[in-house]
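Single chain ahead, written as structure tokens, the form predicted on its own.
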Amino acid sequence: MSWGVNWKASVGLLGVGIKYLAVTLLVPLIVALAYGEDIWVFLVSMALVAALGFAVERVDPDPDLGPREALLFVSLAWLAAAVLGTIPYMLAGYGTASTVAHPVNALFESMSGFTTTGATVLGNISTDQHSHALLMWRQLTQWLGGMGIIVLMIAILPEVAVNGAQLMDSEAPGPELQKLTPKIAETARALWLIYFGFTVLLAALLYSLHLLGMAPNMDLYNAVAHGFSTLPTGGFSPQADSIGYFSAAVQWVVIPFMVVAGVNFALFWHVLRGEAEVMLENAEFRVYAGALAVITAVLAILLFRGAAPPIELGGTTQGVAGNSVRQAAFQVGSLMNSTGFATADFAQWDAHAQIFLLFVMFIGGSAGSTGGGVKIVRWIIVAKAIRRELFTSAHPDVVQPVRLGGNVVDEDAIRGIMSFTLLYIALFALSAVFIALDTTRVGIQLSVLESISASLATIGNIGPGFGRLGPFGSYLFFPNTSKLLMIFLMWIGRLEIVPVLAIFISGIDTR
């Protein structure tokens, strides 16, 4: 076996990223200083991460990346971010009964944050149990992972921008990378500025509701914290009741931003340039908007007819049209885009509504969005490819290309999409079986729906599942073996499987 990968180049560039990860710890440090909590935790964390970054950078101070090195770097960068993200959790929990003091739990929480999954093992989620600074770090990890830590590095670090096109292609969510400007670093900056702008806008609107007396609990801390986790479709909240802790006005404000997060951010770049027709003519966007509308309407009808318990956190829905529409719009916007916020405990809804939501989880957001899942564009192309195969079976002499938005889709792209979809479904199914068997081994009995949702919620970076994994539940009860598998699923799910697996496949000498 000949690997043919210059791992030193990948690791050397990784050191650059680690150094700048230390800078992001300034945000929770400022919060720690403001509240007088865990100051030493973040000072020590910054020092450790920075020192490690300088040390790792020395492995190759002048790295030159090829395609394989780019894949290795992207995979290692996300893994390293999650591993280093555990430091504040373990330091803050040292000598206490905190669940995240355990390395596996800390890695689960950190990986869930950076991959914007939103699954948690934190236990009691409140500022009474954990410091404001630690919970803000938890929120910030999601914001950093939302648009992509590699995209951020390309946008601000010249040494990374040299290989920017290869790196963004490896990290970008979806089957293709849309280059918006002549220079890839400018494209990265444009995407991050749009992402930053939406985050600031949401935080400002949420805090405005507080100032107007429409959301008494939405203080500045909560406004910023939920801005950090909405746009990346993360789902973490410093409140145990998630968005259900806040008023209906807050929920109505959050819904459109969850929808925005599931849209290809490149389309907003065109809108800002006065080219709104590009968004309206985009085939994926039209399917995405239509799917949201239809699915929301169906779920609203189910809730109106009594799919939810009579007493709900977000208000009774049976026979109440306003509550039914709000709950449906929120849960569909949250689960379809893999945000993971909740205004109601949908784990208590009837079987029809839960199976319907399970279907919604499979869809995913748009390519180029911060949403997880398979992505709308892939399902469109899979459907068109299947239709073509059925048609050509009856008309073997007809040549019929697959088209998307009037353009012919390359056959290599179709094969790549079919391969990804098959890998995604196979890994999801095998993992669901493993989780069911592993929990049974330690005396924990999961329902079929719980096993399926545990696998789907982690590989799809969705977060909440059903039963004990519901929006107000926790993954804490799983054995460490299952948690390690789910950590792996979150990692490869965020990188869309191929970059991680390609590292191993590309190393096999088939001559």
Partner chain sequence: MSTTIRVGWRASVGLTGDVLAALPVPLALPLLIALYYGESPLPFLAAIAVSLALGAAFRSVQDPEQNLGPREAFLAVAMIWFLVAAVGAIPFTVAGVGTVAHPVNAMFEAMSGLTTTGATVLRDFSLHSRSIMMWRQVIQWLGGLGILILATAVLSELGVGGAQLMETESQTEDVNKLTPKISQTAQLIWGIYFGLTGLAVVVYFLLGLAVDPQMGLYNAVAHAFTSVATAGFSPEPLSVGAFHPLIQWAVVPFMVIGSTSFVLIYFAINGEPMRLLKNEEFHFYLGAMATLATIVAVGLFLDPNTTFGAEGTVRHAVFNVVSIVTTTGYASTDYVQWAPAAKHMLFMGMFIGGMVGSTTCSIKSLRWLVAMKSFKRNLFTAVHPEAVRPVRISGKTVDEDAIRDIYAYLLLSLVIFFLLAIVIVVDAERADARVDEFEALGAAATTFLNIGPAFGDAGPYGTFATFPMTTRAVMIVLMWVGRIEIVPVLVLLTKTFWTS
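Residue numbers count along the first chain shown, from 1. Values in this document were obtained by computation on a predicted structure and should not be read as measured data.
The next section is about a form of this same protein that is not shown, the form predicted in complex with its partner chain.
Phe391 is the sole member of Phe391, Tyr94, Trp252, Phe196 with a non-hydrogen atom within 4.5 Å of its partner chain in the predicted bound form. This chain is drawn without its partner chain; in the predicted bound form, the residue among Ala240, Ala293, Ile386, Val200 with a heavy atom within 4.5 Å of it is Ile386. Just one listed stretch, out of 120-128, 244-252, 394-402, 272-280, contacts its partner chain in the predicted bound form at the 4.5 Å heavy atom level, and that stretch is 394-402. Using a 4.5 angstroms heavy atom cutoff to its partner chain in the predicted bound form, none of Val44, Ala47 and Leu135 count as contacting. Of the heavy atoms in Pro67, some are within 4.5 Å of its partner chain in the predicted bound form. Within 4.5 Å of any heavy atom of its partner chain in the predicted bound form lies no heavy atom of Lys183.
Not displayed here, its partner chain is approached by Ala436 to within 4.5 Å at the level of heavy atoms in the predicted bound form.
Although the partner is absent from this view, Ile425 contacts its partner chain in the predicted bound form, with a non-hydrogen atom inside 4.5 angstroms. Residues of 480-501 placing a heavy atom within 4.5 Å of its partner chain in the predicted bound form, in sequence order: Val498, Leu501.
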